[in-house]
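What follows is one chain in structure tokens, specifically the form predicted on its own.
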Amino acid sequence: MGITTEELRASRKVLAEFDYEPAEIEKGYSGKSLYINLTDLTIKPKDITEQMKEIFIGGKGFGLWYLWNAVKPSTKWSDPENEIVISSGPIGGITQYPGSGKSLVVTLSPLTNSVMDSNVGGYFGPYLKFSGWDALEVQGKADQDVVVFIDGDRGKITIEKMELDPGASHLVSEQLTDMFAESEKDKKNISIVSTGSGADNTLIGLLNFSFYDLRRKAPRLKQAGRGGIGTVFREKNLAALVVRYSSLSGRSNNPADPSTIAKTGVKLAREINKFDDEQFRMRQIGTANLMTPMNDYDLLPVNNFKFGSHEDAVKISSDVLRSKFTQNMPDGCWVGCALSCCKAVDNFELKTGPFKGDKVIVDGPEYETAAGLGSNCGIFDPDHIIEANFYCDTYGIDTISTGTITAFAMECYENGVINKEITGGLELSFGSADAAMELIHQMGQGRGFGKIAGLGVRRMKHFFVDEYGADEAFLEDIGMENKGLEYSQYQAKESLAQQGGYAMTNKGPQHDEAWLIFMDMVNKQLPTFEKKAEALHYFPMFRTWFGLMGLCKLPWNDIIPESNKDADRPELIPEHVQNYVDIFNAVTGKQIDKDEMIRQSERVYNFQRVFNLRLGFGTREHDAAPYRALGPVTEEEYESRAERYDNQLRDDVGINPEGMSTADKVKKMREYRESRYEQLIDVVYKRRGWTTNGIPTIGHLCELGIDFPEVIETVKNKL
């Protein structure tokens, strides 16, 4: 990518433009959304209706509503009518409360063929809103690579072509920041959405949202990683989205009650300063603080989720990763975030690939990345994880899916399902760091075995069965995907609640709906099916709320206030829940309570379930889990935890394991665990107001106020 900024600027050609007067933000909303069609180069505003604000709130809710109205039941992810919708939310962009800079991206997924949402930090969502737009809809397909520029300072939107190579996201972000900023000082006012060549060559493409790091004097990247959203982006021939907004202030959201927001933010900041260093160490390590406790509690995925710990995990422990980070606090991905979990490795010299020898900034690794690219592949080398992290980001491929895909391929390789002839010489054994890195390069560049791996675990399973005669039942057991989305990086075998929290999601097994492992497995707070079901109602609804508002979940439960020790429901962090109620009311001028907070999410959550039904998914069969997520598939797995499993057979199943073969014990354990999972589904569906087939009842939809004619018709056709 040798073109200079001046040459790039000179190559710009405006294909379409639109002048507008940026709407005034009022109580968290601009009242307008921006629609762009890349096929015919349409640029036009839409009104945000009161019904949208009441029912769908913002963020993910706006994305679902716009997508619902844009597509048909027959629409595929690659059809031009599919949309990418980006929206923050009414709270998004406040600067006084940590974690308020999130954006939500919604589209039809190439992995699941259904609705996908992914949350992401960075500055784009808030800057978009303050530029006058509560949401951005991008539909259609350009006939060449284009860049969309939203200039919130001048009130101008352009669709442009230029001599920009979209293959490396870190370079795209740097070049476009340099080009669109009018001075060095102006760089902090620019945010870029981009991806890389991996999004062209796989189905697991991500989107990078940039924010300019004033200390490092460079743009950094946060990822909307899940479900192949970046692949949709490149299918539309989008090279980048750019926004500029330079008038940010603490009053940009024009809230109804700014003093309450300020007081609530100060209170949480004091808690962070007082407790973070002794609790979760987010400011020191970020989410990588989980590496050590996950291994200690047998929850760290190892070797394609076979195991939950490994003696070599100490080599990639929380403190080892901390030693790699540049301690340059605060490291927040939005203004005013005192939790500062956005860690980075500076001046990391790359050892492989097209940028070998370059010294780069690597954002992360986050826990999910370190576990997925590291332990789940049997690799315990922190430098490998950091390099793999960088290349996944700049190629634009999801680190979670990449880790789970690679681990699955490694287990297939070790079981003779695939061999060197099939992999093109890659020795994909667990622990083979060189082969894992080469596979990333192949996926990013669209060559070799990477073309197959880039299809995702579900399609790999079918390919191995159809082409190589693999044992379909075995691959179904060990292929860690649900609904077509690869599992995120927690070992759920010993937590029935988390098994449901993964497989009963709307979009696939992502931990952002419900993370219940500690409550269920460690703290034993969910002993009955009913308590598990209540948790699998409350937590997905509560965490959905963050995606409606433009919020990060970490300030909710990754800092614990003193009051929590005396709380009736300490697992809910009730003081922090009240903080969010207070902030919502202070921004919007409404007067909701904790119950209405859940109802807001319930409306959107059930609407998404119906959306899935409309597309041919969303029933009980789609909530099935691969058995590896429920229990030990192989004798090796059973014997690695033989005492635990023997005791469970004796105490929970009522079978004396003495004298039984390991194969028979595996079989009996499977019968027991699969039965329990089916029982859990029944109880959860009932609690959620769904039929035994997982379909929301018409009565429940009416109670929620989402009984739109097309919604009711969709449900009636499925009952």
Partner chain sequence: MLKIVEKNEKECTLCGACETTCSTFYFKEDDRLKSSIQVLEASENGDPVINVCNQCGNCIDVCPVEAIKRTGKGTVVISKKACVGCFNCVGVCPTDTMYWHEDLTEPFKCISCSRCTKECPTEAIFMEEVATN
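This one's a predicted model, so the numbers in the text were calculated from it and none came from an experiment. Residue numbers count along the first chain shown, from 1.
Omitted here: the form predicted together with the partner chain. The next part is about that form.
message: Even though the partner isn't displayed, in the predicted complex is residue 336 close enough to the partner chain, meaning a heavy atom within 4.5 Å?
response: Residue 336: yes, in contact with the partner chain in the predicted complex.
query: Does residue 269 make contact with the partner chain in the predicted complex, using a 4.5 Å heavy atom cut-off?
result: Because a heavy atom of residue 269 falls inside 4.5 Å of the partner chain in the predicted complex, the answer is yes.
- prompt: Can any non-hydrogen atom of residue 352 be found within 4.5 angstroms of the partner chain in the predicted complex?
  reply: Residue-level check for residue 352: no, no contact with the partner chain.
message: Residue-level contact is defined here as any heavy atom of the residue lying within 4.5 Å of the partner chain in the predicted complex; does residue 273 satisfy this criterion?
response: Within the cut-off, so yes.
query: 592 to 600, 355 to 363, 625 to 633, 91 to 99: which one contacts the partner chain in the predicted complex at 4.5 Å, heavy atom to heavy atom?
result: Among the listed stretches, the partner-contacting one is 91 to 99.
Heavy atom within 4.5 Å of the partner chain in the predicted complex - residue from 248, 567, 314, 642: Of the listed residues, the single hit is 248.
- prompt: Which of 74, 259, 183, 144 has a heavy atom within 4.5 Å of the partner chain in the predicted complex?
  reply: When the partner chain is considered in the predicted complex, the option within 4.5 Å is 259.
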